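First, one chain by itself in structure tokens, the form predicted alone.
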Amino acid sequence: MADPMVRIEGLGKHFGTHEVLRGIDLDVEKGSTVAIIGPSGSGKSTLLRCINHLEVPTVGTVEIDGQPLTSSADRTRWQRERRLNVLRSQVGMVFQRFNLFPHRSAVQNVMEGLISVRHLRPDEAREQAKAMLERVGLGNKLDSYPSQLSGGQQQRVAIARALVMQPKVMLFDEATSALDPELVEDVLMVMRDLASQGLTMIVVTHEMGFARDVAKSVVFMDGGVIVEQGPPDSIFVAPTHERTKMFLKKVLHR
């Protein structure tokens, strides 16, 4: 793959003596959606958190659009932090929990990064936040507080908050797992729309239908390694690894 948007090489993560990730290699093509599936505890969420250094990898490298998150050329702490902050600003992340400020309205939540990170004037930030909330179907909820929104609406505010920063990559860490079943589809619809518009996305998900229908590539993880990866038809119709077959048999009830 020429010039991937995300390149991960030899990534490992230890927590004390516990080895969570073991030698992960993964390239993500610009404009593609990669779905990461696998059992709980397989290292999926830790992998996402290592991509933007919410967790610092023990070994290995991560590059975003050709730029490494860390470099031996950075001699001082200030240089390291500056590089990391610049690249982190290019990676949006949406978590299982919405992490909204409860005392701020939807539009204020979305404005926050524009003001504190990009240093926009409040009126400019509000206009951009309003447009992004309209994009995710919440144009009529600008002044609603999180407690006045459903879980699905709160998650769409969280997506808008990440998108308004104009990231090159979006990471979704089981973004629908905390939602009531009837609210899941609204969030998945937003994610499908983003994929159709060519935003590079890495999605940890238990929604097999989304992975099958939307992803360009599906990665199956277990035990901190990538067991198998390939196009959805390959993974879901004709997986080659016995562990993948066992997992899909359980989750697809076939």
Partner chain sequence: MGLDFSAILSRWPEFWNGTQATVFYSITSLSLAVTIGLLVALARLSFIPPLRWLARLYIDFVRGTPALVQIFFVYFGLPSVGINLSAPVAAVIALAINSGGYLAEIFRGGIVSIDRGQTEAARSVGMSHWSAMRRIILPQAGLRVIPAAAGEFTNLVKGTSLLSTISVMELTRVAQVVVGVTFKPIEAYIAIAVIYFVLNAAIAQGALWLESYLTNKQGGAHG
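Note that the structure is predicted; figures quoted are calculated from it, not measured. Positions refer to the first chain, counted from 1.
The next section is about a form of this same protein that is not shown, the form predicted in complex with its partner chain.
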> Which one of 116, 79, 177, 140 is close to its partner chain in the predicted bound form, taking close to mean a heavy atom within 4.5 Å?
Replying inline: 116
> Is residue 121 one of the residues lying within 4.5 Å of its partner chain in the predicted bound form, judged by heavy atom distances?
Replying inline: no
> Using 4.5 Å between non-hydrogen atoms, is residue 54 touching its partner chain in the predicted bound form?
Replying inline: yes
>> Please determine whether residue 216 contacts its partner chain in the predicted bound form, using a 4.5 Å cut-off between heavy atoms.
In response: no
>> I'd like to know whether residue 127 contacts its partner chain in the predicted bound form, with contact meaning heavy atoms within 4.5 angstroms.
In response: no
> Using a 4.5 Å cut-off on heavy atoms, what residues in 119-133 are near its partner chain in the predicted bound form?
Replying inline: none
